[in-house]
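Quick heads-up: it's one chain on its own, the form predicted alone, in structure tokens.
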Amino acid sequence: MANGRLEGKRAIVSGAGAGMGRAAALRFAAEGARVGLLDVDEPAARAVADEIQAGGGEALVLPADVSKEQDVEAAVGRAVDAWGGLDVVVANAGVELAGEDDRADRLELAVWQRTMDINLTGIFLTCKHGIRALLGSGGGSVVCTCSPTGLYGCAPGFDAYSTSKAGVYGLVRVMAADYASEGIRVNGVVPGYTRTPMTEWVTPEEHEALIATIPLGRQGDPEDVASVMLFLVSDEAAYVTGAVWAADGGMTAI
């Protein structure tokens, strides 16, 4: 799209094959960015790339397991080689191991470790190598996907997931302080109960109970979150760093 809000920007999005990552990648491309699609599910990322290219945009499929540093480093390197640098990094990939996550006394160490490996270490690795590319480009913007569960004890029985997201919240704040003087802004987005593959396990009864906690009275769509991500990575948010923006229908306001 000519003269889009991200015209000429070079972006990578982790977890770009589905849900909020897919929505962000499509929105960024529609706004003029070249988008690297980092996902462990290569066919899903390729399908998103096909959508972007069908709309006249430019996308690069970057297969990677975000819990493995060599994968992330190689994926970021491919984007930098293709485009000469990066301007935007969205660290979004995550898992919620419903049926396996539990309260602490019943939580298997393997479930804890897998959750941390993807949700916290994966965010860190995406930021580590993405920010190196931003430094080489003279600055840019980072957005990390957080969760209400990292701010409040609102997900009893999801101790690993909640803790991983609390770690992301802390990482956003400290990285904002680390990199502000070098022209890099770091922010977070807090999706509420959003319609993605990660929430497909919710029963009809649980769905109604969750909707009752949302002042706007509906489940979020991935595009709702992508719109906030777009603002945060755009030049319109030039004075915004170290912030965590809710896109949750008011869930965390009450």
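One rule holds for the numbers: they count along the sequence shown, beginning at 1. Everything numeric here is computed off the predicted structure, so don't read it as measured data.
What comes next is about the form predicted together with a small molecule, which is not displayed.
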State yes or no: in the model of the complex, is some non-hydrogen atom of residue 20 no more than 4.5 angstroms from a non-hydrogen atom of the small molecule?
-> yes
Classify residue 94 as contacting or not contacting the small molecule in the model of the complex by the rule of any non-hydrogen atom within 4.5 angstroms, answering yes or no.
-> yes
Check whether residue 65 has any heavy atom within 4.5 Å of a heavy atom of the small molecule in the model of the complex, and answer yes or no.
-> yes
Distance check, residue 167 to the small molecule in the model of the complex, heavy atom within 4.5 Å = no
Which among 102-110, 80-88, 127-135, 145-153 is in contact with the small molecule in the model of the complex, heavy atoms within 4.5 angstroms?
-> 145-153
Picking from 214, 198, 30, 228, the single residue whose non-hydrogen atoms come within 4.5 angstroms of the small molecule in the model of the complex is 198
